[in-house]
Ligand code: OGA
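To begin, one chain is listed below as C-alpha cells, in the form predicted on its own.
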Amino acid sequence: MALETVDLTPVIGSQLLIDKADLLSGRFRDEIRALLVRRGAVVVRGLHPSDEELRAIAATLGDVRVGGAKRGADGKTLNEGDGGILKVSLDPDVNPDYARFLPGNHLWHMDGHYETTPPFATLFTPYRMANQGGDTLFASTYAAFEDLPKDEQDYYSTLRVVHTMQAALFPAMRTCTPEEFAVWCSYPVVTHPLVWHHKSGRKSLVLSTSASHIEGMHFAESHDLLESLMRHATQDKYVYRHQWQMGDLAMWDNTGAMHRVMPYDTASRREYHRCTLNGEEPITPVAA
C-alpha cells in the first residue's frame, strides 16, 4: 500500500493521510523519512497522539534525543524533557530549563546551530493552543539554494558563517538584562559553511537568526549579505504556513528547512510537546 499525501504548496509542506496504527507500526518508515526530506514539512491531521505515542512514532523514524545538547549557564547539560518529550512553553513552571530561550523561536531559525551535527528532524503536537496567533512557518533552504544563479551558488559555497546564541536571541529580546546576555555569551561559538553539501548530493543554505557574521568579511557587508539571503530564503514561494488544530502532528526536516512561530497571546499559556531526532550527518562544506 502506497502512502497517500497531498502537497500543501508547490515547494514545501505535505499532508500525510495515514491512521495512527500505521504510523505507530513503523512500516512506512523509509517512505516517511524520504517525504520529510523531499517536502521539508509533513503534517498529519486528527491524530491526537499521547506523549507515549509521540515518542513511539518518533522512534520509528530515527534516534530520539533524550539528553539535551543545550548547555546551561552552570555548564550542565539541559535534559530534552521527560524521556525525550519536551514541553514547549514560555511558562517557566512548565518548561524550567528552556522557557528563557523560546522567544528566539519567533524568528527564522534551525535547531542546534551550536552543534556540528544538528538534529535531523522534529515532531511537534499541540497540548494547549494560543487563543490567537501561533501559526508555525516553514521555509525550504534546499529550494532557496537551488533557485540561486550558478555564480552565486559557487560564491556562497566558499563562505563560512559564525553562529552565536546572542545573535539568535537578542533580536527577539531587545530589552534583555546584562545577566541574560551573559548567559547567551557563555554558549559555544560555532562556525559552519554557508552551504551544506548533504550525503544525498543536494545542497542547502545553512541560515538561521543565529548567524552572527561571515568569517573574513566586514561586519557591515556581512550583515547585508546575510539579511539579503534571509529575505530570499523566506519568500512566500519557499514557505508553508501551518495553521494548527488540536490533534495535529507536524514533522519537519531541520537539516533542509528553517521554521518560526508567529506571535501569539502569551497569556493563553500555549504549550506544545516535542520530540527531536538526533542528527545523522555533520554540516559538510561543498568540496573545493
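From 1 onward, residues are counted along the sequence shown. Keep in mind that this is a model prediction, so the values were computed, not measured.
From this point on, the text means the form predicted in complex with N-oxalylglycine (OGA), which you will not see here.
Visitor: Non-hydrogen atoms within 4.5 angstroms of N-oxalylglycine (OGA) in the model of the complex: do 105, 259 and 274 all have one?
Guide: All of them do, each having a heavy atom within 4.5 Å of the partner.
Visitor: Taking any heavy atom pair closer than or equal to 4.5 Å as contact, tell me whether residue 195 reaches N-oxalylglycine (OGA) in the model of the complex.
Guide: Because no heavy atom of residue 195 falls inside 4.5 Å of N-oxalylglycine (OGA) in the model of the complex, the answer is no.
Visitor: Using a 4.5 Å heavy atom cut-off, state whether residue 143 contacts N-oxalylglycine (OGA) in the model of the complex.
Guide: So residue 143 does not count as contacting N-oxalylglycine (OGA).
Visitor: Give a yes or no for residue 184: in the model of the complex, does one of its heavy atoms lie within 4.5 Å of a heavy atom belonging to N-oxalylglycine (OGA)?
Guide: Judged by the heavy-atom cut-off of 4.5 Å, residue 184 is well away from N-oxalylglycine (OGA) in the model of the complex.
Visitor: Residue-level question: is residue 124 within 4.5 Å of N-oxalylglycine (OGA) in the model of the complex, judged on heavy atoms?
Guide: Residue 124: yes, in contact with N-oxalylglycine (OGA) in the model of the complex.
Visitor: Heavy atoms within 4.5 Å of N-oxalylglycine (OGA) in the model of the complex: which of the stretches 168-176, 97-105, 154-162, 184-192 has them?
Guide: It is 97-105 that comes within 4.5 Å of the partner.
Visitor: Could you work out which of 204, 136, 212, 208 is the residue within 4.5 angstroms of N-oxalylglycine (OGA) in the model of the complex, going by heavy atoms?
Guide: After the contact test, the surviving option is 136.
Visitor: Output the sequence-ordered list of residues from 105-120 with at least one heavy atom within 4.5 Å of N-oxalylglycine (OGA) in the model of the complex.
Guide: The stretch touches the partner through 105, 109, 111.
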